[in-house]
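In the form predicted alone, a lone chain appears below as structure tokens.
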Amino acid sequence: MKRKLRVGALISGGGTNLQAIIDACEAGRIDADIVFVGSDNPGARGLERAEKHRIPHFTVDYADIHRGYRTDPKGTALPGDFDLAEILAKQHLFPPDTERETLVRFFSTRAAAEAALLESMAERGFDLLVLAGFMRTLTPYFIDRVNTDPERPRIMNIHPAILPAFPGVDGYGDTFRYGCKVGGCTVHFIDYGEDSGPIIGQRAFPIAPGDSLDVVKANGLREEWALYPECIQLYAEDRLRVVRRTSALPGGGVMTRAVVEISTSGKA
């Protein structure tokens, strides 16, 4: 009998997507078990969901790490394998003209927090990590230690917009304010940029005249709760591969990008 996919989840808030994934696992719609829930926020209500379903959970308090760095930067415990130059060469989160002090502060505190996350996660073996409302950007330090096979990334995220439109923290708000007639959500693999990784699946819904932002958000969440489990099941079935695709541009030249191919059956 094939072993179920072991899924870890990271959250920051209420965990409604986490609940949708838990429900899908328990109903047999996903061939997976949630093996841990981690959070950057000790007060995240989603931790109560994990407790209710008897899922191991832990917290790495990012805010506390940031406060400690502001008080005593040299007192922040950086992991022994932290290489700032390597991370700066890979990251796509900040523009090239960003002040070095800003970069050092951001990536140092993130590495300290991410090392603690990795340590807690390592105690609970996992095959796939899903970000279910985790409101912290992951850095190359973390990503490289989870993703070891370029064709099979292990960090999945859901975003409240039809990417590549409206990356960032307020996808539904940006969609609404722009006057879009269609909203949607996207599940994608994480890369070194902000919501720029290879797209796995998308769902869309109409935005009717008179719809408020609250209506748009509610409609979007319903699509998220259906889409995320579907994409996790594709991963469980070993049907997702990331490949490099080169395409001709209309004005000349070419673009090469990592894209997800979905096979009709799993890898033999």
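When you see a residue number, it is the position in the sequence shown, counting from 1. Note that the structure is a prediction, hence the values are computed from the model and not measured.
Keep in mind the form predicted together with glycinamide ribonucleotide is missing from the figure; the text below concerns it.
Asker: Can you pick the one in 204, 215, 221, 243 that has a heavy atom within 4.5 Å of glycinamide ribonucleotide in the predicted bound form?
Answerer: Comparing distances to glycinamide ribonucleotide in the predicted bound form, the residue within 4.5 Å is 221.
Asker: Only one of 126, 106, 142, 172 gets a heavy atom within 4.5 Å of glycinamide ribonucleotide in the predicted bound form. Which one?
Answerer: Of the listed residues, the single hit is 172.
Asker: Using the partner position in the predicted bound form, report whether residue 168 sits within 4.5 Å of glycinamide ribonucleotide, counting heavy atoms only.
Answerer: Contact with glycinamide ribonucleotide, yes.
Asker: Check whether residue 198 has any heavy atom within 4.5 Å of a heavy atom of glycinamide ribonucleotide in the predicted bound form, and answer yes or no.
Answerer: Outside the cut-off, so no.
Asker: Contact between residue 160 and glycinamide ribonucleotide in the predicted bound form at 4.5 Å, heavy atoms?
Answerer: Yes - in the predicted bound form, heavy atoms of residue 160 and glycinamide ribonucleotide come within 4.5 Å of each other.
Asker: Consider residue 132 of the chain shown here, and say whether it contacts glycinamide ribonucleotide in the predicted bound form, taking contact as heavy atoms within 4.5 Å.
Answerer: Yes, residue 132 is a contact residue.
Asker: Heavy atoms within 4.5 Å of glycinamide ribonucleotide in the predicted bound form: which stretch in 75 to 83, 132 to 140, 109 to 117, 175 to 183 meets that?
Answerer: Careful reading of the contacts points to 132 to 140.
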